[in-house]
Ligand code: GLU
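Only one chain comes next, encoded as structure tokens, the form predicted alone.
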């Protein structure tokens, strides 16, 4: 039997909070229970917000939690050539196109469309599906942007991608938290089409989360992905990209989220309580484990 390999993939663009602690500890516990390995992945594509100081603090927080991390440690900033290769493979299949509409233009188009009482489809995260440049820009405007230094996104042509797959996709989802670890996973039907023509990269950014995560999981030999419920629906996209790129599909399990007092999931950008501030206030890692129900 293949040794299970788990991973924890934080971004050093802020300090870890208790939601990260839950995910890290659940992965560590599962790797020990199944005699597997537990790898870390530093998601530092954003070289502006991700800093060496925050990465150092991140590993200090994980050490305080008592999370054992195996080598090697993968840094996304060192894997840009791998993402480029994956993107080029999809381009060679004719599945990628440049899209020039800005976020503001998309919002304005959707608002105008819905002002007449109609609805515009949204992806599982609630963002409007991409309407296509031709819905907003004239032929001359599109050509002008293509010939200029205008920003653009490289999007997946979902219709063509689904035609290329040619059949239904699914993933293995393990039981609810508290059940036997990864016993008798259920087969979940994937619905990547619900995401529309999603972004794979941008002019200044060589990869999106969706593209990098499937490449990274394959590079690290991840067999079991244990992550937050907020990424449950994104698994449909990941299964599509894995199929198109010929990458292995791990087993999945999506755990509960730690919510703030407002009922929303915790976020670094909202300044939610960090592990460092809790530690500095005198909380022990045992206290933290009790606080998050472990």
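Positions refer to the first chain, counted from 1. The model shown is predicted, which means the values in this text are computed figures rather than measured ones.
Separately, the form predicted together with the named molecule exists; it is not shown, and the next lines address it.
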Among 29-37, 66-74, 224-232, 240-248, which stretch has residues whose heavy atoms lie within 4.5 Å of the named molecule in the predicted complex?
224-232
Residue 130 versus the named molecule, in the predicted complex: is there a non-hydrogen atom within 4.5 Å?
no
Within 4.5 Å, heavy atoms only: does residue 43 come near the named molecule in the predicted complex?
yes
So in the predicted complex, does any heavy atom of residue 9 sit within 4.5 Å of the named molecule?
yes
Partner proximity in the predicted complex: residue 213 to the named molecule, non-hydrogen atom cutoff 4.5 Å
yes
Can you work out which of 209, 152, 109, 171 has a heavy atom no more than 4.5 Å from the named molecule in the predicted complex?
209
